[in-house]
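First, one chain by itself in structure tokens, the form predicted on its own.
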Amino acid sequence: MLKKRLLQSAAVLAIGALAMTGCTNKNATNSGNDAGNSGTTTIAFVPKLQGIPYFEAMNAGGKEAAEDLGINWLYQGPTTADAAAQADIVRSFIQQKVDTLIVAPNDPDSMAPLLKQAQEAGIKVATADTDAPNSVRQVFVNQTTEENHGKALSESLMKAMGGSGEFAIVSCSETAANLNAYIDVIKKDVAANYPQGELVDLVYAGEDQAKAAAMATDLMNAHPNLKGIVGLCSAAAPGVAQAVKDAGKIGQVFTVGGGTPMAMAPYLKDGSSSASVLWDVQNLGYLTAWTGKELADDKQLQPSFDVDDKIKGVTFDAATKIELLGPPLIFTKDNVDQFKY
């Protein structure tokens, strides 16, 4: 298992490198037969953005599940964080009549009618990573609770800042439900527990690392007393850390975020990032594929269960239809090298 995960991690990095040079493959990747072939359950996953390390790590986990479970795993997303482009891919999977369609929506509200269309076509529907709560989705495969994740971010930043000072947030999509929930938790936690901390700005960089870096630079120029920056998603986290490094402000402006460990390792080690709050992304991808098969097989999720020896203690709330992978992981310079994705 370990050898398999290391090999997959290497593949993830290779794919991510291609994406950075604009060479992302726009076609669906799959493990198994094409959709519609008899005898093979087909699970399609549409990420917010294809080609970045985070979602390629989810894809690696999905591929691993496909091998273990004997399913057909299809993976395709837009090459920019564009809701309309994502919708076109979803429509294509509906036309292919996949068994289960799972989406991490860029715009939950505009995705909801498409999920309903898929359900009416006899396809099981779910969300993963990012929810569309006002849709017909049967399950949301959630990485962690909004409360736990938001608090881990605010506490990590305030610890680095000494509990006081001005800070800003560089988020990604303005419409991503999970990111907006994290922002709300950060605001509330700082107000309640760190009265000398002050949020002075909130900006949105899309899923664009270079744009996040540029915005962080602008924030430092606009707010001379800025002491901290949260890079909320996997693209923003390395971007804001790079901006601090380039500005020569390591030790003056502290950053935390939600970057993948291998992407964040250089910044954690040089001090331009104090902590990265995330989860095991490959396990999230594995759980996503596993859940897709459970839905296709009309199985009922239990309140608490283990998927395998790596994914234990998963919970499912039937009332909200939220499946929870587990608590967040906090990567620091001391533990980041333990994670190979």
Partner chain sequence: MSTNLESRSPATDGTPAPRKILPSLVTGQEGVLIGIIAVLWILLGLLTPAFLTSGSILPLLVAVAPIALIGVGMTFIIITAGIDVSVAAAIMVTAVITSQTMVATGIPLIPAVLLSIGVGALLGLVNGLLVAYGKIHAIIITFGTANVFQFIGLRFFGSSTVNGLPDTFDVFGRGEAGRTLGIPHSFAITLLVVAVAWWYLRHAASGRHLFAIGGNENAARLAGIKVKPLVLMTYVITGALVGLAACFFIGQGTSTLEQSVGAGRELLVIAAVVIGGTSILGGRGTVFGTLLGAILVQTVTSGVTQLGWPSQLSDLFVGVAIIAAVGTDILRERSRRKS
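Only a predicted model underlies this, so the values are computations on that prediction, with no experimental measurement involved. Residue numbers count along the first chain shown, from 1.
Absent from the display: the form predicted together with the partner chain. The rest refers to it.
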Considering the partner chain in the model of the complex, which of Ala152, Val253, Ala235, Ala132 comes within 4.5 Å of it through any heavy atom?
-> Ala235
Of Asp88, Asp218, Glu147, Asp184, the only residue with a heavy atom within 4.5 Å of the partner chain in the model of the complex is Asp218
Any chance Val98 has a heavy atom within 4.5 Å of the partner chain in the model of the complex?
-> no
With the cut-off set at 4.5 Å between non-hydrogen atoms, does Ala243 touch the partner chain in the model of the complex?
-> yes
4.5 Å heavy atom contact, Gln50 and the partner chain in the model of the complex | yes
Answer yes if any heavy atom of Tyr194 is within 4.5 Å of a heavy atom of the partner chain in the model of the complex; otherwise answer no.
-> no
Per-stretch contact check against the partner chain in the model of the complex, the hit in 259 to 267, 136 to 144, 176 to 184, 117 to 125 (non-hydrogen atom, 4.5 angstroms) = 259 to 267
Relative to the partner chain in the model of the complex, which residues of 180 to 209 have a heavy atom no more than 4.5 Å away?
-> Asp201, Val203, Tyr204, Glu207, Asp208, Gln209
